[in-house]
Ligand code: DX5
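Take a look at this one chain, the form predicted on its own, written out in structure tokens.
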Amino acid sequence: MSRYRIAPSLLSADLLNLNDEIDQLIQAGSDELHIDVMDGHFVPNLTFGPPLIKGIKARKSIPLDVHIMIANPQESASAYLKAGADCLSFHIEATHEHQAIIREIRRHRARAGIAISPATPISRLLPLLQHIDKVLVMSVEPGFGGQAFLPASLQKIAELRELLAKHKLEKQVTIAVDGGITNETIAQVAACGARSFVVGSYLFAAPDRRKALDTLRSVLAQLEGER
């Protein structure tokens, strides 16, 4: 089994045909679904809420990776967990109540993730790393789909990998990357230490979702073979 995971982002899906879109993604072999929650405050866009997560959870047998780009996440994290989030990632910049949110995530037996925006230094994560399962490195500015990958993210991912290794947390904490992932950038971020990849426009613009996913997996398999 591959150590890599690919999570299609529903932000780029055809929302009027979301049920069919999800079925196609499951049949194509997606590892999980990435659901971007935006509140119009922490980021300017508005997207999904707990009812959508609850509906997908009730009807589809695929893990739900929920990324909340919202202000004051401590006030509403539980709503997304109760709706069915298997992993909940919140932004380190959005609150000072990090430990309280992590405890709430654990109480619901979900995986805890912290998202970090491009301008935020990796060093801010240090007090929290031993308490979480995943760091979601934003390789674009949060809030909009379809953005180009920020090359400076590569150094950030490598720095995070070194920090995890220094504290012997590389097996506990997964490095995930969100933004501008294509068949070219996925190789770059994986080489720097990323193991989970949120894929939006590259996948949903492809005429054949399975073929696009297979292309990404082929790139990752080649990297595994080189190690």
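Throughout, we count residues from 1 along the sequence that is shown. These figures come from a predicted structure and were not determined experimentally.
Absent from the display: the form predicted in complex with D-xylitol-5-phosphate (DX5). The rest refers to it.
Notebook entry, point to check: Do residue 146 and D-xylitol-5-phosphate (DX5) come within 4.5 Å of each other in the model of the complex, heavy atoms counted?
Noted result: The answer is yes: residue 146 has a heavy atom within 4.5 Å of D-xylitol-5-phosphate (DX5).
Practice task
Tell me, yes or no, whether residue 9 is in contact with D-xylitol-5-phosphate (DX5) in the model of the complex, where a contact means a heavy atom of each within 4.5 Å.
Solution key: Contact check for residue 9: yes, within 4.5 Å of D-xylitol-5-phosphate (DX5) in the model of the complex.
Although the partner isn't part of this model, could you tell me whether residue 105 comes within 4.5 Å of D-xylitol-5-phosphate (DX5) in the model of the complex, counting any heavy atom of the residue? Output for residue 105 is no: heavy atoms all beyond 4.5 Å of D-xylitol-5-phosphate (DX5).
With the partner left out here, check for me: in the model of the complex, does some heavy atom of residue 201 sit within 4.5 Å of D-xylitol-5-phosphate (DX5)? Within the cut-off, so yes.
Interface segment, criterion being heavy atoms within 4.5 Å of D-xylitol-5-phosphate (DX5) in the model of the complex, picked from 116 to 124, 150 to 158, 135 to 143, 82 to 90: Among the candidates, contact is made by 135 to 143.
Exercise for review: Select from the listed residues 53, 190, 176, 181 the one whose heavy atoms reach within 4.5 Å of D-xylitol-5-phosphate (DX5) in the model of the complex.
Suggested key: That would be 181.
Original post:
Using a 4.5 Å cut-off on heavy atoms, what residues in 34 to 52 are near D-xylitol-5-phosphate (DX5) in the model of the complex?
Top reply: Heavy-atom contacts within 4.5 Å come from 34, 36, 38.
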